Structure formats: C-alpha cells, structure tokens
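Taking the form predicted alone, here's one chain by itself in structure tokens.
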C-alpha cells in the first residue's frame, strides 16, 4: 500500500512581515500564459517611455572660477574631492557632496596647463605657462600657515601636460619633449623625442604601468616604454589629436580625441587601423575619459556638448547640453561610475549623472528588483522599431542639428565623387589616374566591377 503525503513549506507562502506582498505560487508553463509576450512588450514600452520622461542628467553647477576651466583631476582615493585649474592660474579644491570650494590657491602665472594627483592622494602636481612644475599638499595649510608648494621645478620651456605613475613616485611631463621625472630629483631621469615641435598630452597606462602615450603637434600619437631609451611606435593621423585616454580594464586599448570631429579607438598592437571610429560630434573633440568599468567613455567637444559612447560602438548612447554651457574643455568620469564632471569656457564646473534616468540615493529591495526587471525587458525588446525609436531619440539644439545635416550632405558628396568620376571617364573614354581610383576600406577590383556594371546598365536603359 502506497501512502502519498502532502508536504507544504510555510516559507513558500507565508509573509515575513505584514507589510510584505502576499506570495502567490506561479506555474511557468507557456501554454498557460498565451498573452505573456504582448504583456511584456507593453511593459517594455512603458519602461522605455518612463526612462525618457525621467531622464534629467544635470545635478549641480560649481561656480567660483574667474576664468575658463582648463583642466581637472580626480582624487585617487576620495570620491568627494575634485581638483580644477583655470586660465588665470588659479587652482581650486572642491567638495562634491556639499558643492562648495574648500580651498583656493594661486598656483601659476598664466594658464594652468595640466594637473594630476599622486597615486596615494597625499599631494598633487600642476604645470603652467610660467615654465614651472609645482607639487602641493592635498590638505589645506593650518591656521596662520602660508600656502606654499612642497616642491617647485623651473624648466626651460612651457609644459603642456602632466601625469603621474600609478604605483611609484614617478611622473611624466610634456612640452617640446616628453620627460620622465623622479619626485626626489630636480632634473628628468629620461627624455624622449621624435622630431616634433610640441607634445600636447601624455598619459600613463593604468594596467601596464611602464607604458605611456602622447599626442604631438605633427598629427602623431607616440607610444613609449620607460624601460627603453627610445620611443616604441608612432602613428600619424589626418588631423591633430588633442588628447587620449587608456582603457582602465584592457591594457592595450586607448581612445584619442581628434580635431576632425571624431574619436578613434586603437589597439596598440595593431596601429595600422583603428578598431572603431566614433562619430556624432559636429566640432573638434577636446577631451575624453573612460569609465572605471572600461565599457564606456565620455567626450567633451567644442560644439558645447558632451557625449557618452559605448566602447565598441560608433555612435553615442546619450548627449548632454544646456543653454548656458559653452565650449567644453575638460571632462572626467567619477571613480564610482555614477557621475561625470565637465569644465567649460564660461567658468563653471557641472556635475552630471552617468545614467540620465538613474534615481539618486538608496534604493529599497523592491525598487532594485523592479529596476532590474525593467532593464531585462528593454534588452529583450530593444530591436523592436517603436522601442528602438524612443530609446535613440535625443533632443538637440538647432545649431547642432543643422550642422549634422550639413556634414551628412558633405559625407554623401565625398562618397559619390569616385562613382561619378568613374562614370564620366567611361563615357568619355579616358581613364582615371590610379590615385583617384582608390576607395577606403573596399577592395578596388570589387568596386570597379560593380561600378562598370552600373555604367553598362545605365547605357542599356538609355
């Protein structure tokens, strides 16, 4: 004789407290839920619309500078501290939670060209137009003490950038050449040159800490190794790059901001061609910075906007702008991956959310679960036309919109020019010179074959 016993676990249906929602058992058999997909599609559509409704990225503006903000630096160990330098030689230390300036010092005469914090966070370095490198304490001086630098080095030329090693007391500067300095010495321990007039930016690799890269005035990007006596590699681009940034999670990947309105992501092991060309800006890109996860980066442009790009996609996922914000000179992504800081021409530092619709503050367990559920629904239906249209839509100022249309017309004209030239040459019986037959990224034989077919079809129809 067989006896079947019904066993019920109270944990499956009894609430922990009276405020909890009643637990209801559910059968996930798809035959019992024929309208599940339409219902989830409606929820995904509502979640996408609500995301755009609550997309308010601007958090705060930090005002206090008396000239344009030319450079910024993040504190390596404190999320609440931000350093900024302006074009009048003034350096300010900001407390981000209170949105107030806690310290002001006159660091240089003229522009503050660059600044960086020491890897331990106890001090920071600045360079300026007065040909000096100064090291300052991160803490403010005590009552009655004067504001003086810990160390000052007077150079022969103007320094245009500075960056500190991630683990050692070594920093690099750039100007007419790239110099490697020891903090305990007043002269560089190594100098690199490669036939350029000036170098505008130098950056240490955060993973392979002995490597560094620089952008030069001859449109080149140069890679160095501190263990070598000469530079490693050099790639020359069509236009000058303003700055670059290494990916903090992938040792060989870096992205450069170029004057031709684009950003280029390179693998240093294969510099003959960029991995991705990121395009959406309508003016020169002035600065770029990666998120701590390495999956996205933010760019600042002369067109008065900042854009957030996924690392492996050519178009931006979001664009931030305001009516009062002028040319954005510098940008930083916070180390907690939640905020973006920008410094612009009109003397303000602005704080933005990295995710425009993200709710600030602590979230309850139910809010986190609802947020994750909505995110999964949006990913599931992201390729549906209506959801894709709502997700991609961004409001742009009229000037940027008209410039994008003009750039699109110019791009189409450049694309059609070789086709028209070849078609006219076939009709007149004259051959083009080899230099005019070249088309980028497409095998020339295949292109000529298709174009000849198009010409023959046009003759046949006429």
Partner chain sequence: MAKRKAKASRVRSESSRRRSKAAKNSTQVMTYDDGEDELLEGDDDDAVISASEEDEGGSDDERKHRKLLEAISALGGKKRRKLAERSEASVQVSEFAVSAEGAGEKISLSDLLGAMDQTPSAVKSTKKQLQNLESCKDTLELPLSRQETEKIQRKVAFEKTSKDVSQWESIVKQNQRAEQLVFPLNQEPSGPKPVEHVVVGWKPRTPLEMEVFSLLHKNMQPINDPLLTPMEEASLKAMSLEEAKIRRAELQKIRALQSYYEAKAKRERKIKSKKYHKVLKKGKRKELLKEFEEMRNKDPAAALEELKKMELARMEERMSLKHQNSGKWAKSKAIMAKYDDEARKAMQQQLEMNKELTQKLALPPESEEEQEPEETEVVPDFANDAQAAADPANPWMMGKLSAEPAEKDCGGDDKESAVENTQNEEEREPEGDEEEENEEDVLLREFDEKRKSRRPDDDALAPPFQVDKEETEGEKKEEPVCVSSEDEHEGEVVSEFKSLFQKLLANGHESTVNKGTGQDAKESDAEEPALLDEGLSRVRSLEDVDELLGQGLVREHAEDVAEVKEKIPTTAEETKNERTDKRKKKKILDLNDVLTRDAKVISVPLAPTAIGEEEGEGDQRMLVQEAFAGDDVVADFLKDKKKRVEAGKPKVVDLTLPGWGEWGGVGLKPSRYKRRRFRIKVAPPPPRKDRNLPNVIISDARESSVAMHQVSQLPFSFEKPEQFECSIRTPTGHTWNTQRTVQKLTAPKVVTQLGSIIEPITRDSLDKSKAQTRGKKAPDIVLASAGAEGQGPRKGRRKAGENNARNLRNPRRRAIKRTK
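Residue numbers count along the first chain shown, from 1. Model, not experiment: these values are computed from the prediction. For clarity, a rigid core is taken as the largest C-alpha set superposing within 1.5 Å between two forms.
Only in words, not in the display: the form predicted in complex with its partner chain, which the text now covers.
In the model of the complex, its partner chain sits beyond 4.5 Å of every heavy atom of residue 20. Within 4.5 Å of some heavy atom of its partner chain in the model of the complex lies at least one heavy atom of residue 45. Its partner chain in the model of the complex comes within 4.5 Å of a heavy atom belonging to residue 381. Contact check for residue 220: no non-hydrogen atom falls within 4.5 Å of its partner chain in the model of the complex. Heavy atoms within 4.5 Å of its partner chain in the model of the complex map, among the stretches 97 to 105, 83 to 91, 134 to 142, 334 to 342, onto 334 to 342 alone. Proximity to its partner chain in the model of the complex, taken as a non-hydrogen atom within 4.5 angstroms, holds for one residue of 175, 274, 149, 188, which is 188. Contact with its partner chain in the model of the complex, judged by any heavy atom within 4.5 Å, is made by just one of 357, 283, 326, 293: 293. Within 4.5 Å of its partner chain in the model of the complex, a heavy atom is found for every one of 37, 392 and 404. Although its partner chain is not shown here, in the model of the complex the stretch 9 to 24 places heavy atoms of 9, 11, 12, 23 within 4.5 Å of it, in sequence order. After superposing the rigid core, the Cα of residue 53 is displaced by less than 2 Å between the shown form and the other one. Annotation: Cα of residue 35 displaced by less than 2 Å between the shown form and the other one, core superposition. After superposition on the rigid core, the Cα of residue 395 moves by less than 2 Å between the shown form and the other one.
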